[in-house]
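Single chain ahead, written as structure tokens, the form predicted alone.
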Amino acid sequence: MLRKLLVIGLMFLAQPALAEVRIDITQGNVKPLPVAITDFQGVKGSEGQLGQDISRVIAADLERSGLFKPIDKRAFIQSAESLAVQPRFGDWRQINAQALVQGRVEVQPDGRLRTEFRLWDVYAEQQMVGQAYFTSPTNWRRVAHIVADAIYKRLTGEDGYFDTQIVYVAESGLMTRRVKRLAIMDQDGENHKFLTDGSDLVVTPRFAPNLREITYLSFYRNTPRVYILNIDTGRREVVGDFPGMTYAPRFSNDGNKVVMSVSVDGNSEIFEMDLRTRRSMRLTDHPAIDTSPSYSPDGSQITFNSDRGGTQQLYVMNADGTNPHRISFGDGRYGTPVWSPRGDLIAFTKMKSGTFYIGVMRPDGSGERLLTEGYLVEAPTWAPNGRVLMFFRQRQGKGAGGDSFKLYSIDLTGYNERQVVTPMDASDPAWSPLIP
């Protein structure tokens, strides 16, 4: 279960500076900012190890973003003891650090862990942000992600995305007898656990806004149906009583509705189910295949893919199904659209001349950009800040093992592509909102 944290601010009086260190992430290829992240200090031996672990996770989060370059601790000049009194900024400038992170951990008499940190602008010689967090010692990893988010936001002006989770399909076995299980983990691959046992095929999991439920397609008893699974209790329920196959589900941003594809007389249409009243509404009525719906952040529109124009393309319609109109007009076929949490872009999969691409375009179809390509890249999902995407990549293999499936993340510049490590093959990722 996720645990809430108590947060307080830490102030340090300093002379105001004319300028401060900052990263403009709207540029194409940003040079990573050199940042010194010191081991968080503790009074007791166990606290010292915990402080080192927290520092390590913060550095790993920031480095993976591609925007920061943590400096090797062996280059540090100032000792941890003297840093606790006051940074000697000249020592940090000498090793080219532009920002400095220091912290302290202490287990309180009531058993809670107190973690504090300060972010310093080395050249302006002033504190940029300082906070303290109180929580259970077992929750230390989440504290590290929250600190990394605070640093990311202060230095970029954008919300972070490190205090999040990923749900995905864990795959194992031969291609002819594939076992697929729902799995969940932190965005860095830690705290991994399985949510289903693999007895039924599962695909396309999606988080509810409350992070405690997941909707997905399951072939339970060989019948394809959309389900909702409660992560805490393990209880699952089928969504609606439709006579045909249901698939490609996604929650509305308020969590009150699920939009999905439904097979009607052998054709794929888009329906919306109100989870409060259990009433469904048909949104499309066309002889073409309409599928992969995704709400806009304000819930007023839905993007989907359809072959109603002759080839598979992206469309946008009002949330009540009115005014469907095509937005993709480039070469090739388009699918799996998903609206950015910021509302400014729609991510998609593109297929052209035997190659797959992950790309983005504006909701009106303009500004198409392709970020990565491969033999098969598919299923983009947005980080909650709308600046990073995750997807899965299939690589062709030889022998009995067959192809491999791995998760990757990439930012909107297309320059920072990273593999997300999982215990086994992985596909169909879905990124959670920030943990409240």
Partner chain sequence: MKLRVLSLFAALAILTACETAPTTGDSGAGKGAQTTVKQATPGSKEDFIANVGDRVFFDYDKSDLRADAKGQLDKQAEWLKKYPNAKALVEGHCDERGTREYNFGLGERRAKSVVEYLKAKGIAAARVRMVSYGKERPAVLGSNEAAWAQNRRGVTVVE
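Numbering follows the first chain given and starts at 1. Just so it is clear, the model here is predicted, and its values are computed rather than measured.
Another form, the form predicted together with its partner chain, is not on view; read the next lines as being about it.
Of the heavy atoms in residue 257, none are within 4.5 Å of its partner chain in the predicted bound form.
Its partner chain in the predicted bound form comes within 4.5 Å of a heavy atom belonging to residue 177. With a 4.5 Å cutoff on heavy atoms, residue 281 does not count as touching its partner chain in the predicted bound form; it lies far away. Residue contact check for residue 217: one or more of its heavy atoms lie within 4.5 Å of its partner chain in the predicted bound form. The partner is absent here; in the predicted bound form, the one residue of 240, 324, 299, 224 having a heavy atom within 4.5 Å of its partner chain is 224. Contact with its partner chain in the predicted bound form, judged by any heavy atom within 4.5 Å, is made by just one of 127, 263, 131, 253: 263. Within 4.5 Å of its partner chain in the predicted bound form, a heavy atom is found for none of 47, 72 and 137. With its partner chain left out of view, the stretch that reaches within 4.5 Å of it through heavy atoms in the predicted bound form is, among 150-158, 178-186, 231-239, 112-120, 178-186. Contact residues in stretch 413-428 (any heavy atom within 4.5 Å of its partner chain, taken in the predicted bound form) are 427, 428.
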